[in-house]
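Quick heads-up: it's one chain on its own, the form predicted on its own, in structure tokens.
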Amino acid sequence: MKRYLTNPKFLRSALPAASLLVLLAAIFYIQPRAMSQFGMNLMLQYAVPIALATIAQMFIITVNDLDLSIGPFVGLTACIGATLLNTNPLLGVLALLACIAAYAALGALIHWRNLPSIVVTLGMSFVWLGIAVLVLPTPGGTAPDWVKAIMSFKVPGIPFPLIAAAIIAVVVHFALMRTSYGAVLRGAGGNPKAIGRAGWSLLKTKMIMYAAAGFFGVLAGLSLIGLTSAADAHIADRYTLYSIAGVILGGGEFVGGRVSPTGAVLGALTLTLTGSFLIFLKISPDWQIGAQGGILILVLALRALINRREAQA
């Protein structure tokens, strides 16, 4: 046991879970009544859409890119889900599929023209927001009943957000980390020249990763309106920062291929709980972004110490 606790690799992989447990312990200490199924459901109410958006960002970071448009994109899919998907399901599904295809085309454009993803996605954030305003000019709409039913699903004794988070983490971990093609996708970011020499298409891999990001962005938007029952073009503006912070908190790095689906989900849960922690401390929610930034800096500092220790070993 002592050997594991002093192993830098083990410490680095355990850091996301440890951060979440420390935050939970602090919350339970301040407010013991939160230690219940109802309390956990309330605190983690928006964990599922944030976790899905974080996974979407993780796919982009895996191929050495960064997506500054995932928040407005989630807002767009939420608007489509609360309008077209509810009134005309076929048209709504086609619109959401078009959004995923647009994301794949965006990845192809970035690769083909060798464009900086930060600039392109920043520009696309205004495009997604503009389309969302056209789809739903004012807050409103209604989430489909089946979406609300999924997000209100209850399991005796276990908070639904934890179940959903576990499913997301397991499915993505298996697909990306345990399959041979998942290794190719990660390698496209970690060592693209080697992947290209092996005969794999870098254009195809980037399109697949962007399409996967678009798919999880759609799921994030639908799960969000399943909780709110309505939509707004600006409903997910903060999700861009949440998603980036969640990936980094979960052990991901801005170096292609070095990501952790399980860690990303844990990072999303940690960010979600930060708001509840501030409320229990009677601090204004306006400070939530600042507190999340502080947690991110602390975790990165601990990771830097672990990496330095590993380099000296």
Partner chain sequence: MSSMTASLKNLREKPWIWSYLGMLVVWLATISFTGGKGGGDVITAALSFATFTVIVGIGQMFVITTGPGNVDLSIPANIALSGAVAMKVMGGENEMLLVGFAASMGCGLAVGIFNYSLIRVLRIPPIIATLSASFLILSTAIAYGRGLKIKPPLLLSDFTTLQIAGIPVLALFIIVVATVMSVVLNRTLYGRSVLAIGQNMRAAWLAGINVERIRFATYVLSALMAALCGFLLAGFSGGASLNMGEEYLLASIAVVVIGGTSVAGGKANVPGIWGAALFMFMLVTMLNTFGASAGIRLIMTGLIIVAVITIAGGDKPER
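Numbering follows the first chain given and starts at 1. For clarity, every value in this text was computed on a predicted model and none was experimentally measured.
Below: the form predicted in complex with its partner chain, not depicted.
Chemist: In the predicted bound form, does each residue in the set 109, 119 and 193 place a non-hydrogen atom within 4.5 angstroms of its partner chain?
Modeler: Per the other structure, all of 109, 119 and 193 touch its partner chain.
Chemist: Report yes if any heavy atom of residue 241 sits within 4.5 Å of a heavy atom of its partner chain in the predicted bound form; otherwise report no.
Modeler: Contact with its partner chain, yes.
Chemist: With a 4.5 Å heavy atom cut-off, would you call residue 287 a contact of its partner chain in the predicted bound form?
Modeler: Output for residue 287 is yes: heavy atoms within 4.5 Å of its partner chain.
Chemist: Would you please decide whether residue 26 lies within 4.5 angstroms of its partner chain in the predicted bound form, comparing each non-hydrogen atom pair?
Modeler: Residue 26: no contact with its partner chain in the predicted bound form.
Chemist: Would you check, heavy atoms only and a 4.5 Å threshold, whether residue 248 touches its partner chain in the predicted bound form?
Modeler: Although its partner chain is absent here, residue 248 would touch it in the predicted bound form, with heavy atoms inside 4.5 Å.
Chemist: Taking its partner chain in the predicted bound form as the reference, which of 205, 83, 125, 228 has a non-hydrogen atom within 4.5 Å?
Modeler: Looking at the other structure, the residue within range turns out to be 125.
Chemist: Within 4.5 Å, heavy atoms only, one stretch in 95-103, 133-141, 212-220, 152-160 touches its partner chain in the predicted bound form. Which?
Modeler: In short, 133-141.
Chemist: Heavy atom within 4.5 Å of its partner chain in the predicted bound form: which residues of 51-85 meet that condition, in order?
Modeler: Result: 65, 66.
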